[in-house]
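First come two forms of one protein chain, each written alone as structure tokens, so that there is a structure 1 and a structure 2.
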Structure 1
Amino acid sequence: MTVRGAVPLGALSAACGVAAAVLLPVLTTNQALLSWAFLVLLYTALAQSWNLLGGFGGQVNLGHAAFFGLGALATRMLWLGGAPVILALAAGTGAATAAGIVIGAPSLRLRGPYFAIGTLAIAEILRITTGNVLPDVSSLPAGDLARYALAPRYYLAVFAAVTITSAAWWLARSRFGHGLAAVREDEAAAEAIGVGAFRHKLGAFALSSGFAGMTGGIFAYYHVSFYPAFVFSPVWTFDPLVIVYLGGVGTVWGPLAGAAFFVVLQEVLSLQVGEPHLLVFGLLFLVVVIAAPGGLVEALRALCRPGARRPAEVGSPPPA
């Protein structure tokens, strides 16, 4: 049966992909290629973290940048303050998770569009306040700069992309994920079969914001110098949102496909004047939202298996 055959095949290709990603720095010394791969992984991680709540949970969070920024800021301060980067990153992830619970609990009570607008307002408050409190650019000290190497950043990005994609894979199969899908479809009906809607949404919010913080932390470890307010910029919400929809919202592999496409097109088009890649992404995003809700993943699936079943917004459960 195709379904049974597809599971080991999928697992096999996933394992090959991870192995290739891990071995890449050993196989090549091409720094441009490595930075490119780093960006794909970083965007995959960030987009997937948005997808956990926005795609699987159906809650359009327009304040994702808040958690990316909190993770980035906490990690950067601790790391530059002398803490081992792993500890700093863990603290950044923890801070973003905690913030996710504190912010998620009230904002998830907002209905419909107010959740989207409310989260956007929170992220903007954090961005403006950070810009006021920490107006100076954060740069690496000369010593760190001399010792800077891309490889450890790259491996952390591999770790984040794999971890967060695994979380999505788990959501597509687990009991919690099934409950979350029910909540996304119809909260009242989900409650009526015993799924606590608020608990599920908050759980997904905490996961999503924690992973956004982890990604932000890696960005803070990677980037040589940036203004603290920059990590709270709305682009850290809007880019992952576009990537998720381009790749396939609510799918396990959509964010990876979308991120690769995003980074490649950015590379190709950034040779032109202005920011034409954003124009292309904006138009493609509109096409996807209006005409092709399955995104790239679904388009690929349709190409490979004509007549196959329609997009699983949440992957089907494993065969018994």
Structure 2
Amino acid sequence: MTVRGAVPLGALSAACGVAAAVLLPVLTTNQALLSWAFLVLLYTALAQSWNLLGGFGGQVNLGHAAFFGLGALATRMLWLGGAPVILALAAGTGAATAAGIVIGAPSLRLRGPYFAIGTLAIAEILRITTGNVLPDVSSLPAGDLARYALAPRYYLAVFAAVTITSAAWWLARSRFGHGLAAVREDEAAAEAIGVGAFRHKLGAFALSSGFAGMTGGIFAYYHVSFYPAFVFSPVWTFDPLVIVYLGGVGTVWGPLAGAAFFVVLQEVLSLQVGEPHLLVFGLLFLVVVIAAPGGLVEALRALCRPGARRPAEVGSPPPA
């Protein structure tokens, strides 16, 4: 039951989290801690961008790296060419969004595994082509290197994580999001009641692609040395996919919980186990998914409030 005029607990927690993230560079100068927080925020943004289509829309996009890479490449080239970083980032986001519409229009007509395989093929074509056309590592000029600071990159990551999570929150409660959920559950039935399946899927694809491009642009701005083909690597598809399933697919807060768990666990395993840490991480991932199929968000909710309803997601009515 909600008291009239009271601030919802979820909104208050989110506001406190954003405030803590914004104040972190003011409270500490520990570069290792800031770098860790940057990675959590970056992975949250990237995983949430995948979740908008793969989780809320039920369309498993295995070519997410294509849009991450396009945003990264466009932002890096324009920024090093003299454009202000904000304009370069906006252009990279726009390029990824446009590519999402162009690629999504034909690929979304494919169903099931054919859509996943088709998007994966597009990302691989871009990766190979970029490696052939731009084989050299891009490094910052001496002047930019001397002025390099982590704080501006960190605040851009905060902006991306907050913006994309807000978009997920809106999607979970909007009429468009409910239509998208209907398409996810049963496309034929959704079409029968007047929901435009293709329009909803293409809208979610464009939104997901644009946000992936924004995240890629921040990644390109963050790195001193930059290998163009690397931003099209499948790792930028499968890492966010793993994070979403760890945190809770189709949930608003799952990508944040999954990103924190993913970054911390990878760091610990790489230090303690060494080279085989990816194998160990894969086994732990399977254990988590089998033990908590709803993700970390559902597992935490079950521990804290047994029997409580799950939060509002796409297709679910908002809580009273």
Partner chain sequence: MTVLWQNVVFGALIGGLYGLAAVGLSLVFGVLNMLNVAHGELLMLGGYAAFWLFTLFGVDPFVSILPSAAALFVVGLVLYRVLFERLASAPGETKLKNSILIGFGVSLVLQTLALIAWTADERAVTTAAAGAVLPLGGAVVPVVRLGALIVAFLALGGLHLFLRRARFGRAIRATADDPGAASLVGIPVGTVFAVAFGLGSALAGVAGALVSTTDAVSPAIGLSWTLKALIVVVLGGVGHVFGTFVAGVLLGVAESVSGFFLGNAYREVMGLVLFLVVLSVRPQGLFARE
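Residues are numbered by position in structure 1's sequence, first residue being 1. Predicted model only: the values in this text are computed from it and were never measured. We call the rigid core whatever largest set of C-alpha positions still superposes within 1.5 Å between the two forms.
Two forms of the same chain are shown on their own. Structure 1 is the form predicted together with its partner chain.
In the core-aligned comparison between structures 1 and 2, the Cα atom of L283 sits 2.4 Å away from its counterpart.
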